[in-house]
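Before any questions on how it binds or moves, here is one chain, the form predicted alone, in structure tokens.
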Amino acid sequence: MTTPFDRLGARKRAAGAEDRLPPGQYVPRGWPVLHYGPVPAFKPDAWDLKVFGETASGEVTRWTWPEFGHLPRATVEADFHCVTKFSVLGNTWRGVSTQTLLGLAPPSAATTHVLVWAEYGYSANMTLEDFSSADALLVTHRDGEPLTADHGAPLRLVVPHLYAWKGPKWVRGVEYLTEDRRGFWEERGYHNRADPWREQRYSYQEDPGDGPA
């Protein structure tokens, strides 16, 4: 069954696609599913989200699933660029802004980077500036529908101006850092910065200063 959101999304994704595709990208049919490892089972009673590390208070902030459900929501219209070269255009993302999270659990003045943790120990690193960008969301819905488990439900990070591996599925924690530390794929040869418009796909493309040694 085709919903109004499906039809709207198709129109948005078709509009001006050539001008919105980063180098080397193409528009696929649908939204491909890619991830490493199995899809975790969501257990609402056991789920929580933690913010820890170099917090301003020195303490850990934690939300249960019901508590997270009461946080303010935001909507962002943004494209989605995967390092495997597909781009899904014109998405309507809904969730909790990372700026809201940072306001509720502030980092220390010395924080420069974050490491976003997900199920099974998966992680992705980025600068605090990237994490706090206005269109970065901890997403629960896309195009008016809840995320499916294979697309990261109950919670995934979306940072539209970076390649999608920087937005882990099944997010469980955010660690504030005073120096950069490579995440899961960055330790395995992916570029530390991940700008799709500069095709920053692999670590051998890094310039001095793009990441830790």
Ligand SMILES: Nc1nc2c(c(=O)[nH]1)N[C@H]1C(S)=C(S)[C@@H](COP(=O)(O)O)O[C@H]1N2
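Bear in mind that the values here come from a model prediction, so they are computed numbers and not experimental data. The first residue of the shown sequence is 1; numbering continues from there.
Another form, the form predicted in complex with the named molecule, is not on view; read the next lines as being about it.
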item: Contact at 32, 80 and 169 by the named molecule in the predicted complex, all three, heavy atom at most 4.5 Å; value: yes
item: The named molecule contact at residue 176 in the predicted complex, heavy atom, 4.5 Å; value: no
item: Touches the named molecule in the predicted complex: residue 182 (any heavy atom, 4.5 Å); value: no
item: Contact label in the predicted complex: residue 59 to the named molecule, heavy atom within 4.5 Å; value: no
item: Residue 159: touches the named molecule in the predicted complex, heavy atom cutoff 4.5 angstroms; value: no
item: Location of the named molecule contact in the predicted complex, chosen stretch of 131 to 139, 103 to 111, 68 to 76, 117 to 125 [non-hydrogen atom, 4.5 Å]; value: 117 to 125
item: In the predicted complex, the one of 48, 145, 150, 187 near the named molecule [non-hydrogen atom within 4.5 angstroms]; value: 150
